[in-house]
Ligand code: 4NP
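The chain below stands alone, shown as structure tokens; this is the form predicted on its own.
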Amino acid sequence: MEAPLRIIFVCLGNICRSPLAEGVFKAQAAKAGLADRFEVASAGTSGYHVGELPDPGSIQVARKHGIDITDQRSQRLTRGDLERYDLIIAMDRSNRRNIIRMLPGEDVEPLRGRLWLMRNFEFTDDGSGHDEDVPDPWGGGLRGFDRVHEILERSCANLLSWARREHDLG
């Protein structure tokens, strides 16, 4: 069997958006019978919450949709991750800039075709969608987490479709 496609979802602290994206994508891949075709992780561009569980709001909204993300712990994105993962999915433009700043001389060429914004896939399965941020729900109550989940459900479904087609995953 071929090596799995490695995807990492990235936000600032790795406690709200990216762990929820990781959980949603894994659940969708499993439902499609493709769980073994992907290696999925999440990380933050900051080290503010390293080792912590996802935010209670992310845990609650995930659980409401039958997804358990309590096995995840916040980790900081490293330069090694940029080399290791096939796809790097940033939750917003600020974190995309943070990712690019991790490269020597901010040369984006090594990330061409690998670094995307999550919402590039929200309404299209070719990555050509709008260049907008997934809003950070931190501190905004459960309504914000529900909105993020809705965005992630659509975006992950299209990302999965794109990955299946572009990487010949069946």
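Residue indices: 1-based, along the sequence shown. Because the structure is a prediction, the values reported are computed rather than measured.
The form predicted together with the ligand is left out here; the points below concern that form.
- Using a 4.5 angstroms threshold between heavy atoms, residue 26 stays clear of the ligand in the predicted bound form.
- The closest non-hydrogen atom of residue 16 lies within 4.5 Å of the ligand in the predicted bound form.
- In the predicted bound form, none of the heavy atoms of residue 123 sits within 4.5 Å of a heavy atom of the ligand.
- The ligand is not drawn, but in the predicted bound form it has no heavy atom within 4.5 Å of residue 157.
- Taken together, the three residues 7, 114 and 162 all stay farther than 4.5 Å from the ligand in the predicted bound form, as judged by their closest heavy atom.
- Remark: of stretches 60 to 68, 103 to 111, 27 to 35, 44 to 52, the one touching the ligand in the predicted bound form is 44 to 52 (heavy atom within 4.5 Å).
- Of the residues in 31 to 46, none comes within 4.5 Å of the ligand in the predicted bound form through any heavy atom.
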